[in-house]
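Let's start with one chain on its own, the form predicted alone, as structure tokens.
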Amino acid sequence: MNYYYIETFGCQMNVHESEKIAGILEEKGLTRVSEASLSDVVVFNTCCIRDTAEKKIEGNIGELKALKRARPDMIIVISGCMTQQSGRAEALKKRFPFIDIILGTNNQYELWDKIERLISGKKKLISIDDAEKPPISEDVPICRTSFPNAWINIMYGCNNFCTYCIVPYVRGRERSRDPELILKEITAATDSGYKEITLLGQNVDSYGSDLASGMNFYKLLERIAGIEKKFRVRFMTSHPKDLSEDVIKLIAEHKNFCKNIHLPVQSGSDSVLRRMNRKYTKKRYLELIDCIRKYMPEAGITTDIMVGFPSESDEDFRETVDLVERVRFQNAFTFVYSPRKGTPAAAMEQLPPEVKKARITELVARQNAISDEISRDYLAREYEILVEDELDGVVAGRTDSGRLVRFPGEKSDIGKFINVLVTKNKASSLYGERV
């Protein structure tokens, strides 16, 4: 075996877990290729957050059948959240018998062991750890692919059980990493030239709640703030029921912390929020927004919003639109509710597709208009940009508040901090020139 291919579906957590899968394979001497047809090991790292995502993945898995027929020695691995659902691994094995290895979210570290067992003559292998609190594997190598950003998990799992969400069922309960190991990983990444650290967790604000040491998210950020290097820190995702004023103040006071907070609201209706089991009200959410703007007037605030939740009325939807108008998010990730088998909301009364479509269309149009209006505030102002990418002589990077800016540059600029004057905005995108 010489080559491997990984296709990642879903969130940033999955992107980082694919970096660990790549680390395992590269440690064994394999080289990454850009096409599945060229590889000896094909890994699909899957997502099941929405039904549409799962159907897309199944379609892509089906396309591997012809590759496997042409190259019987190719090893096909399916991993991630989709496989972790109850009974899902066996169903995948039955529908796609050409799959060789199926790994759950908590078993990806077993990849090479399973490959060796397969080569030695073992038949189809399935490894799914469905314990509520599976152990954290800390010795997995990482092959980072997102320079100049380094993804770093601070915790795994979720205890919230929002009624629409499958995550607690496929990720298990909250488990926090040792703070010393987190700090060691941050130091190693910045020593290697990474300029942005993104802390990952299903609910970063509850970090440390399972640790006997008294460590919490505020104290962890305080420790990170003490690292004397030039780099940026972002984190995701915060939960409105847990984000504290102390954390907001700390972010405002330290230059390394980006003034950019992603705070999913999901709905502006208290009745919908109750049915979602979100554990906060519209009033409380708006108080948090006021608190953020009190300490960071120019903070970039982004969110997730779901429309079409079971029994959402026209009045409920109007409450959501009202919240969007009042908060004026920099950006919002909007989506239509999709039933997830095994969650309480899937058994609730569902709305007609045409109602969902009309609501999402209206919401997206209003948010796009707000984003465009906010973009005008950036014109004729200078920002420090961390360059992330380059294409055809144009580089792109983000402001401290999270806005993407494009300007002339070259590949060697990636990873550099460059001062840029914003000169134009078009369809919510910003363009500028070096100062």
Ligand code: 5AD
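Numbering starts at 1 and follows the sequence shown. Model, not experiment: these values are computed from the prediction.
Absent from the display: the form predicted in complex with this ligand. The rest refers to it.
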In the predicted bound form, does residue 337 come within 4.5 Å of this ligand, counting heavy atoms only? yes
Next on the checklist: Considering non-hydrogen atoms and a 4.5 Å limit, does this ligand approach residue 266 in the predicted bound form?
Outcome noted: yes
With the partner left out here, check for me: in the predicted bound form, does some heavy atom of residue 304 sit within 4.5 Å of this ligand?
yes
Q.
Whether residue 165 contacts this ligand in the predicted bound form should be assessed with a 4.5 Å heavy atom distance threshold; does it?
A. yes
Only one of 376-384, 363-371, 57-65, 44-52 sits within 4.5 Å of this ligand in the predicted bound form by heavy atom distance, namely 44-52
